[in-house]
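The chain below stands alone and is given as structure tokens, in the form predicted alone.
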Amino acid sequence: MSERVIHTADLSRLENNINTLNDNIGVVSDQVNHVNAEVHEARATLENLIAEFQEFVRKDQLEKNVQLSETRLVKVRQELETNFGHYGDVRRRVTGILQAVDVSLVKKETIANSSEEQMLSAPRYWLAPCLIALSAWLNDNEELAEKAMREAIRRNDEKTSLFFALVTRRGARYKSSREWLDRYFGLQDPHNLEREIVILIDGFTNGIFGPDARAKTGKKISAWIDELSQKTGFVEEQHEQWKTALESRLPKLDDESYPFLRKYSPTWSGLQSSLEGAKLHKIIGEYFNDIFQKEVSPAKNIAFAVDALLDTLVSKFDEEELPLRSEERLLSLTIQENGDKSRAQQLFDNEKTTEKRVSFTQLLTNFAMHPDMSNASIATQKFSIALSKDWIKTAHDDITAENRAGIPLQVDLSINQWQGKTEDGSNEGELTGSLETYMVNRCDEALSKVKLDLKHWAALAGGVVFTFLGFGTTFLFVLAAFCFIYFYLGKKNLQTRKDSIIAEFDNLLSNSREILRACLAEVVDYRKEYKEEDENAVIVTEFLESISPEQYSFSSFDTARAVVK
């Protein structure tokens, strides 16, 4: 009997302890969930702060890059003036002598004396002995002219040959001009042409050379292209070369455009690059059309035309200045790109206009797309585009196909942790329902976590116990009252917290609905704008098909007909 009573008493106590432990575990679990939710919120806030800080650092670095580039650009230009400024005297003197001879206002002795002074002031410069040779030629001093010419050829054979081809053409010495031109052609490799070849092309497209020399230049250009075309991988190389050149004109979307998609769509980077690619068609079309709309104003006579080419030859293509010129260009691009050094370096690499030697087709690309840096005239730009039109068309078709294949078909949306997709913004009802369901579930989940703490339940239990014990000790009724009041206040506060959560999620849902509608409206606008921009691709194709190289080689100063195969 005794053993049975003890056994019953032990089970009751154990059951109570288990129930208490179970309650405690539940309370601890709720507290852990609450802490976990707070940790998630804190992490989200911290990530936002990190993103804002990184953006601040990035903008600050860009501003510093611009300031440093502006300062360095001033120093580079000062260095160019200090180291190569005296070359300018020689350059001006060459054109001055040619023009002085035309009007016979300067004594030959004066020309000879001043030329010798320039020789002393520019000991390494190829143009200084050319100046002496020109002066000796005018003074009928054949021995000195030949001696100076040999020195000029020693210093720079290609520039000297081209220089005298132009000067003799200016003086209508056709035979001498052809011989100098033959010498210049003999020095050329179409795979590695010197940068001053632009002078030859400019002379050809502006009709500077005599009939025979012009026809010879046209045939040589065709031969160069035929030779380059035999090279393995030439076609693929041209496609990539022109793709790079065309893509260097890619626009940047305004930071204010499509603000909701920019903020709430993980697909935005793809949408942005696709739309920028589509806008490229119109930019290229307008760029080419603008070039071909410009009038080519021929010089008044051959003397003016040659003087303009000589000025370009003697002032734009000296290798000694090339490192500083390259740095000057890169710094200018860094300022142009608002301090984005990687973007500036990419543009600089794409231009390839400051490289010492490039292929003939790369030169055509530079003439067409970077006329300022390659010193190409409008006539040369037109000729280069017409001559390269098949390569340009293929490259443009590739860009168009890649852009169309790359545009995201589905636009992902992420609004206040809700995820959705749309193709063209037409599934607003479906997405709104999904958003509401998601927010209701989140609200229910948050409400389920709002519970009374252990202390409140302890107060309730204490109130019951003190009430029973109060019949023996009246004072305990007071404690029971305190316990019941504490439990009541906790219960009331619990409802207040739930009401606050419900209101918070109502506001969040309302705000999310507005964001969703704005995103879908922008998707509709985006698809419409992309379609309109993409349709401009045909403008480029039709324009390129309408031009031919034969239209853009001129004969301003002779009656010969240009023939370019």
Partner chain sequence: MRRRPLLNTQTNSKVNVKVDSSVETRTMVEYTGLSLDKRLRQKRSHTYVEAMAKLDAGGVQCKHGEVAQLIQEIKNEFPDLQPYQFPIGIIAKCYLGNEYDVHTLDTKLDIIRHYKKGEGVPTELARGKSLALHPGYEFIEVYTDTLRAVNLRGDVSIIKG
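Residue numbers count along the first chain shown, from 1. Just so we're clear, the structure is a prediction, and the values are computed from it rather than from any experiment.
This protein has a second form, the form predicted in complex with its partner chain, left out of what is shown; the following refers to that one.
- Picking from 236-244, 484-492, 327-335, 123-131 the stretch near its partner chain in the predicted complex, with a 4.5 Å limit on heavy atoms, gives 236-244.
- When contacts are defined as a non-hydrogen atom within 4.5 Å, none of A44, S257 and Q345 contacts its partner chain in the predicted complex.
- Under a 4.5 angstroms non-hydrogen atom cutoff, its partner chain in the predicted complex has T232 among its neighbouring residues.
- Looking at L409, you'd find a heavy atom of it within 4.5 angstroms of its partner chain in the predicted complex.
- Within this chain, T400 lines the site of its partner chain in the predicted complex, having a heavy atom no more than 4.5 Å away.
- A residue is said to contact a partner when one of its heavy atoms sits within 4.5 Å of a partner heavy atom; T467 fails this definition for its partner chain in the predicted complex, lying far away.
- Exactly one listed residue, out of R72, K341, R262, K393, brings a non-hydrogen atom to within 4.5 Å of its partner chain in the predicted complex: K393.
- Shown without its partner, this chain lists K147, K421, R442, R404 as candidates; in the predicted complex, only R404 has a non-hydrogen atom within 4.5 angstroms of its partner chain.
- Heavy atoms closer than or equal to 4.5 Å to its partner chain in the predicted complex belong, across 517-538, to one residue only: D534.
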